[in-house]
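One chain follows as structure tokens, the form predicted alone.
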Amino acid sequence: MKRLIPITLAALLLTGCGSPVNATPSVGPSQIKLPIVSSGEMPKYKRVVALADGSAEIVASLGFKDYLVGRDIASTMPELKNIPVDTDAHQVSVERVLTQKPDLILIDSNTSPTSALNTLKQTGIKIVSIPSSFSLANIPVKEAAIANALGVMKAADLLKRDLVSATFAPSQTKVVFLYLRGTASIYLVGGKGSGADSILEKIGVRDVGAENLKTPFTALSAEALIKMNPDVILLMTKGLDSVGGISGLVSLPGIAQTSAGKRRAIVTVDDSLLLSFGPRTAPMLPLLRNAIDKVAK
């Protein structure tokens, strides 16, 4: 028995510290209740089609879900299931929008195609372009732009408080965000400006991708990933599915040689939630931190 002890210790050192994680925590829309404020204001418009990414979610959170007659496909929370989706494969359906007789349409730089937008502009319907959000700092700006379009700035001030109040104890857990679309052969590592970096910084963990990569996304490299050696790998739910789940993930270059890969320390967040940067972001933060802490143990 004494002779077996050093052999066992050596094996543990070679395979990485800790035991394999038995389950992959996932954060999804069903775990988050959409925050809704009540300012007592009356919007300037009564029939709103929200085509900008996540804008329907913000209109609802400002307290005016009943004014929505159409929405973008990115606003997928259960509270909006009865609001018609006005896009097909992210392309705006002019016919569908016009049947809803909107008096305000919200768009952003991702709303397409241009031909559809030009047709809508010719109708005389009020169209407001709002800024896209790619970080936590952008959320109040986007919310304020939508509130300004509706004429309900008090509601924007109430909604802003939820994000500001969140605080987290610092942790040395090293996390890397991977953006994967295996069916399209897209394998990227999130770096500085990926969007995930602001989230991981806020919840108090280390984003080793942002620490080492100065561009938002870089092609997955086994050498670079092994050097970063994350404790936890963060993915979107569909991204993990696209590579065949955990077994497919660890077969990608460098994954199996990291601490996270050896232990199967993986956390997923629903695709419509992780980088939505809207009202659901604040309640998502503690759930994500808890999931990371769970697999990092």
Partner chain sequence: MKRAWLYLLMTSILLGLFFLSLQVGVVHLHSSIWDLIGKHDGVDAATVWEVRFPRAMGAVIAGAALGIAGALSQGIFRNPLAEPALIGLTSGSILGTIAVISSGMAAFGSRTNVESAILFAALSAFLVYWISPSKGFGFLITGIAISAILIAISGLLISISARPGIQSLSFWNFGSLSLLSSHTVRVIAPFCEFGFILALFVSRRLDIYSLGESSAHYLGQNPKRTRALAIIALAFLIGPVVSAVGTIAFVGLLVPHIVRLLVGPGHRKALTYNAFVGAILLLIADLLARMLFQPHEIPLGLITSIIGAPALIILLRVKNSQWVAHD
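Positions refer to the first chain, counted from 1. These numbers come from a predicted model, not from an experiment.
There is another form of the same protein, the form predicted in complex with its partner chain; it is not shown, and what comes next is about it.
Contact with its partner chain in the model of the complex, judged as any non-hydrogen atom within 4.5 angstroms, is confined among 244 to 252, 24 to 32, 267 to 275, 48 to 56 to 244 to 252. T218 belongs to the set of residues with a heavy atom inside 4.5 Å of its partner chain in the model of the complex. At a distance threshold of 4.5 angstroms between non-hydrogen atoms, Q122 is out of contact with its partner chain in the model of the complex. The closest heavy atom approach of P131 to its partner chain in the model of the complex falls outside 4.5 Å. Residue contact with its partner chain in the model of the complex: M153 places no heavy atom within 4.5 Å of it.
Taken together, L98, A116 and N148 are entirely out of contact with its partner chain in the model of the complex: none brings a heavy atom within 4.5 Å. Contact with its partner chain in the model of the complex, defined as a heavy atom within 4.5 Å, holds for exactly one of V205, L104, L213, M77, namely L213. A heavy atom within 4.5 Å of its partner chain in the model of the complex is found for one listed residue only; from P140, G182, G193, P84, this is G182.
With contact defined as any non-hydrogen atom lying within 4.5 angstroms of its partner chain in the model of the complex, Q257 is the only contacting residue in 255 to 272.
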